[in-house]
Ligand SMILES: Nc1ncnc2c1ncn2[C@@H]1O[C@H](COP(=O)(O)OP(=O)(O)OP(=O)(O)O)[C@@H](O)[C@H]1O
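A lone chain, given as structure tokens: the form predicted on its own.
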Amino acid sequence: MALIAIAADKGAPGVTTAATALGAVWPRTVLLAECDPSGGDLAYRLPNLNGGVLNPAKGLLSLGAVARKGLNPGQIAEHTQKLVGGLDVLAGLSHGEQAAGLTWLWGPLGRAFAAMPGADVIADCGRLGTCPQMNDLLAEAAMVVLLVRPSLDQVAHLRERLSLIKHGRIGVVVVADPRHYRASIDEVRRIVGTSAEEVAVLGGLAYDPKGAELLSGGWGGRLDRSLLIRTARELAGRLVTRIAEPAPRPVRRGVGGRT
């Protein structure tokens, strides 16, 4: 159906937490894929459906081992696992050194994700800029979502990153303190100030450490009432609406967002 790539440029705005929260509330069938070349975190954060640990050998690493002669969407399900709560996940690499032998994989993987029948894919791509081949996956995404904290340095790096991504729709999401939630989003929108048709400030996601802790324990109850999940649900609905819209006419951007 559609590939949504979640990433950040610099700092630690919580890409894995955001991707997991969105997967938990996504209104359609979804697969959460750990695609951070630096290594995945879910095996250390979340239990599997039976309360045990995820198998680190089953996921992106095992898929890469069988995909050298070609990769089709039907192969992906053979390498997925279920998290607590029932969310399907393609577990990521254990550490960054494993990515060195898989630089060829990102393009075919992006094409397979984009062609998944009956399911969207939310890809946790971690921090951009560490693996140039990740651009091959981003090129297949229906939307690239960049997370940013409302600090001057992170927003400055975001503006530079926006000038470097040359393909597809780009959405900006502000990870904001609930005490200054709307003001932070409005300030980032003002500073980014892009007029590019395919770039949009989509809104925010609450910075909610307690909600993130609840996310590691299961779904339902207190987690459903957390600010993290409430804002993730609103953002998920907005993303699904966006990716259903016709793609905008491509606009060539130069440094600083000029066309």
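These numbers come from a predicted model, not from an experiment. A residue's number is simply how far along the shown sequence it sits, counting from 1.
A second form of this protein, the form predicted together with this ligand, is not displayed here; the remarks below concern that form.
Remark: R45 counts among the residues lining this ligand in the model of the complex, judged by a heavy atom distance of 4.5 Å or less. Among residues of the shown chain, P13 is one whose heavy atoms approach this ligand to within 4.5 Å in the model of the complex. Among heavy atoms of A206, some come within 4.5 Å of this ligand in the model of the complex.
Taking the partner from elsewhere, L158 is found to have every heavy atom lying beyond 4.5 Å of this ligand in the model of the complex. Contact with this ligand in the model of the complex, judged as any non-hydrogen atom within 4.5 angstroms, is confined among 37-45, 65-73, 22-30, 51-59 to 37-45. When you look in the model of the complex, the only residue of A141, M134, I170, V175 with a non-hydrogen atom within 4.5 Å of this ligand is V175. Using a 4.5 Å cut-off on any heavy atom, the residues of 124-151 that reach this ligand in the model of the complex are, in sequence order, R127, R149.
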